[in-house]
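Given next, in structure tokens, is a single chain: the form predicted alone.
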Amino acid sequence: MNITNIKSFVEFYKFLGITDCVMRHPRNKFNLNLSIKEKEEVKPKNRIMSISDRLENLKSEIKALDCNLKEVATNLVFSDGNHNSTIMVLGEAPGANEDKEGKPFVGEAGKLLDKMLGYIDLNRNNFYISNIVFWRPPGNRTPNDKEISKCLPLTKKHIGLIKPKLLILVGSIAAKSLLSSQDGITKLRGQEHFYIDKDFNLKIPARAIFHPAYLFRNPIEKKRTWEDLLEIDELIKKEKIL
């Protein structure tokens, strides 16, 4: 075959759509897209964020919050317990021990709370605990309305991430803030409540109990607290919350 015939031969094959390139791999009639697949960029799958990751992101949001309490507190007090639990316990604000250790309810009041909840088989392995305010107010004073309003949106986001089946609200400030009520703890305790958040599409059964620090000052109220705990225990068993 002379040069002219070779050139005509190649042009004829090109006209038929047959490549004149030498392939890295032999043709595979059963997988004609092999070369295309090899050239495709492997795209990473969208990773579903774990609850731990989302809580860490929330913690970062809280650290960036413009709250005056940050200037006088030692530590951000975020949470403790089991974040996969169906029960979430929320108190008011950290105290001196909590500020020092960076964990909620670790002082004397916290020890009493653990003892109280322990009577109905609740512990930090099967509940999750936090506060509605993330830093200690100076002198352990009650957080003011401005401080509560600063933290409350992220507290609600916190609840939205955990999605508990039961909220236990410890003390008047936590109960009033999350139940949007003007009533004090004496009226709120012992009653059926629901925490409602339309943004997160949540309607969660909630119960309010006396703060353990209040019980230190008013031990006579321990009897009513025991009644509240028994009612919570009955609810947990009836609704199979744990």
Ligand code: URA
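The first residue of the sequence shown is number 1, and the count goes up from there. As the structure is a prediction and not an experimental result, all values here were calculated from the model.
This next part talks about the form predicted in complex with this ligand, which is not shown.
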{"property": "Among 115-123, 93-101, 159-167, 144-152, the region lying within 4.5 Å of this ligand in the predicted complex by heavy atom distance", "result": "93-101"}
{"property": "Distance check, Arg189 to this ligand in the predicted complex, heavy atom within 4.5 Å", "result": "no"}
{"property": "Trp135 within 4.5 Å of this ligand in the predicted complex, heavy atoms", "result": "no"}
